[in-house]
Structure formats: C-alpha cells, structure tokens
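First, one chain by itself in structure tokens, the form predicted alone.
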Amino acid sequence: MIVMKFGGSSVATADAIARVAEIVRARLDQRPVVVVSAMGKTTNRLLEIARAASAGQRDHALSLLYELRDFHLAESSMERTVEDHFQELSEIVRGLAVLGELTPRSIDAVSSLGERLSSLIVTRTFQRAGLSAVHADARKLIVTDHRHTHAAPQFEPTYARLAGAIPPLAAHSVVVLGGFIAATPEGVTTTLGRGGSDFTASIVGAGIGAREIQIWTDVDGMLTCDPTVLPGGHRVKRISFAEAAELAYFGAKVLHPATVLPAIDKNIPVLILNSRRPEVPGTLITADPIASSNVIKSIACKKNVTVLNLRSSRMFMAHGFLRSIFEVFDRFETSVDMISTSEVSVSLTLDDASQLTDLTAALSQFAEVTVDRDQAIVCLVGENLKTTPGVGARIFGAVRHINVRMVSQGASSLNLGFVVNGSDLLPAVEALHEEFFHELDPEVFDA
C-alpha cells in the first residue's frame, strides 16, 4: 500500500480532482490510500465565517457561507451532500452569532467541514471516473487529545484503528479520507493544526505500514531556495528526513514539519510530487543522509519575522534571566524560532507575533525590551555543514554587503541561520544561491 496526500490546490476544482483521479488510476496496482485537504482556500474562508459570526456580523457570515456553498455546488454536482453540510454550518453560525464567542472547540467544528466535504466529493468523483472508491471518516480512525485546533494524536489507539480498518478496504478499493481532522476518544471533532493534512498522511502511512507516503502539491518537489523569494531554484532529488525537517521548520512550505515524525519512526520514505506535472520525479525523503559534493542542500526563509531584544534590568545571573524569559513564553503559549544569548542579553525571533503586546508587557517587568519588525530568517541546511571547514566564511563572505542582525548555529548541526532586514532577504538569498549552487551534484540535484 501507498498513501497519496493531495493538497488544497490539487483538489481546488472539479478539473483538478479529475486530474487526481487519473494520477491515482495509474497507481492502482500499489493499492493507494488517498488523503485530501479542503478544496482551495476553503479553510481560510470557513474561519472568516466563524470570526464574522462570533463578532455579531451574522448576515455577513451567512453571505460568506452561501458563497462558499455555491462554490462547492458548482465544483461537485453533489447537491444533497453539500446542502446538508452547509445547513449544519449555518446552524453553528447562528449559534456563534448569539453567543458572541468563538471557542477552540467551535473553531474545530467549523474548520473541519472543508476536509469532511472534500473527501466525500473526491470519493464520488473517483467513482464516476470508473474507480472503485470508498470513503472513510478520519474522525473514526485518528484519536487525539482534547487540545482543540492543535490536537496531538494518540498513536497507539490510532494505529490500531487504522490497521484494522484500512487494509481490508484497500484490498478492493481506493480508500479516501480527509486530512487535518480527527476526534477525541469520546468522538468530539478535533483538528491537527494548519497544514495537518500532511501529518494525517504520515500517521495513516505509519498505521498501515505503507511502502511510501506521497505528498502531492503544486511544486516539483523541494527546491534549493524558496520560489516565492527567488524563482529558478533547482529541484532536490533526494534529501534526508533530518534535513527536510529543518527546512520545514524554517519556512519550506512544501512540507508540514510534523509530517516526518511518524515516517521517521516507521522508516517510511516520503515523496514530494507535483499534481500538475506528475511526470516529474519529485523529491525523495529517506532516513539515511544522502552523500553530496554540495555543502548545502537548500536555503529556507521566513518572512515577516519579529525580533525581540531583551537585556536584564536587574543583572540576573544567566540561569535566572533565561528561566524568567521562557516562563513568560510558556504562559502565552508562544514559540521561538531562533535565539542568541549572552549572560545578560537575549535576542529571539517570533514567527507569530499575535501575543506581542502582552509578551512585551510581561517581559518588561524584568528586562529592557526592544522590538524589530519586518525581519527575515535565512537558514542554510545540509548534512555537510557539520563536517566541512570554512563554510561560515563562505556564507558571511557572500553576504558581506548585508547587515546581519543575529546568528544562530549549534542547536542543530544541520543548519546555520541568521536574521536580516526584510528588504535584504532577496539579495541575501541571491548571493548565497550563487555561492553554493553554481555547481551541482547530479546525483542530488536536477539542474
């Protein structure tokens, strides 16, 4: 068996789903299990509906709901199924408008509708295309804790359910299920967090002992640089799990960071492929490091980063100062991407600045705080970083014309990251790409 996950852009329209059916048809001999995301930007629109309803904008929320319903009707020809799901959503919207409150449980109830509906639409499209296909409700298979909007899977019962349910169905039919969605042991709907459909695919693959997990998206695989920053990067043919995880954490959108965890545990290869260009071999991710004559495998970037600079106002010893800082970040449930420290000063980066006002107020109780907005992280990733002398000189020589604000290396031997002003991101990536990829190992890269 193989697991094939198709992202939102791959199932965005009826024509796109028809392409997916043909991709799956070509792999029927491998007994595919298909995991799908919501159609297009459906999840974003669902969350917009929920926020409008809870803010008391009932009519606006219902108007958005009807637009989204009409989109699904036009792209699916499944009138009763679509109407039933949007009737359920309209009842939730009216309840949110009355209560004026949007709880994490309510968010999951609303945002789950996209995958619930897309998986049914994809199943029906497969059947109409002549494929034997059967729908499976992921909420009956993937068990999580009760942390709504970012629930953690309970792997033992989940794997037991998957192993019992999926292989008998896959023996005769293509099994289709929605990604991103799951349920508590009591059956209450939860979600795995944004990008969680990749995680679902990996969990399913681990649970059924899949030979391979395929992530179908709208790019040819992992590239040597972020195409939204610098177009024209080279496809990476093969990469290790560890390198892929580093790239994902530092901005490579093609793969959800958590995806690799169940795959690593079960040593299942992951293949990144393009549903619009299925003939392209993609990027193969495996457990073992891939030998390469290139020091760097890829350059990842994060835009719109906020840097907090903290200096102890009480001359704490280092352990007391750092403890106080991380207690604040724990209290506000905010993650840090990079950190650089000395005894009485710390700089760190935030990808999510939604709690910035409260964070700075709390940190100001014991530290002088300054904030730098519109910064960017540049992260170079490669197994050879840890064994190749002189790499730092090459990196900072290439960006010698750019002011580097903060440097981090050592937490992982696979990456070296630094912060620049957002306006300097493109010239920094251009210079580094020229430095490290003007010659390519043909076993690892596609020129």
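Quick caveat: nothing in here was measured; it's all calculated off a predicted structure. Each residue number is its position in the shown sequence, starting from 1.
Heads up, the form predicted in complex with adenosine-5'-diphosphate isn't pictured, but that's what we're talking about next.
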adenosine-5'-diphosphate in the model of the complex: contacting segment from 97 to 105, 329 to 337, 163 to 171, 246 to 254, heavy atom within 4.5 Å: 246 to 254
Three-residue site 8, 216 and 219 fully in contact with adenosine-5'-diphosphate in the model of the complex at 4.5 Å by heavy atom: yes
Residue 87: touches adenosine-5'-diphosphate in the model of the complex, heavy atom cutoff 4.5 angstroms: no
In the model of the complex, residue 228 touching adenosine-5'-diphosphate (heavy atom, 4.5 Å): yes
Non-hydrogen atom contact residue 259 with adenosine-5'-diphosphate in the model of the complex at 4.5 angstroms: no
Partner contact for residue 223 in the model of the complex: adenosine-5'-diphosphate, 4.5 angstroms, heavy atom: yes
Selected contact from 202, 190, 298, 119, since only one has a non-hydrogen atom within 4.5 angstroms of adenosine-5'-diphosphate in the model of the complex: 298
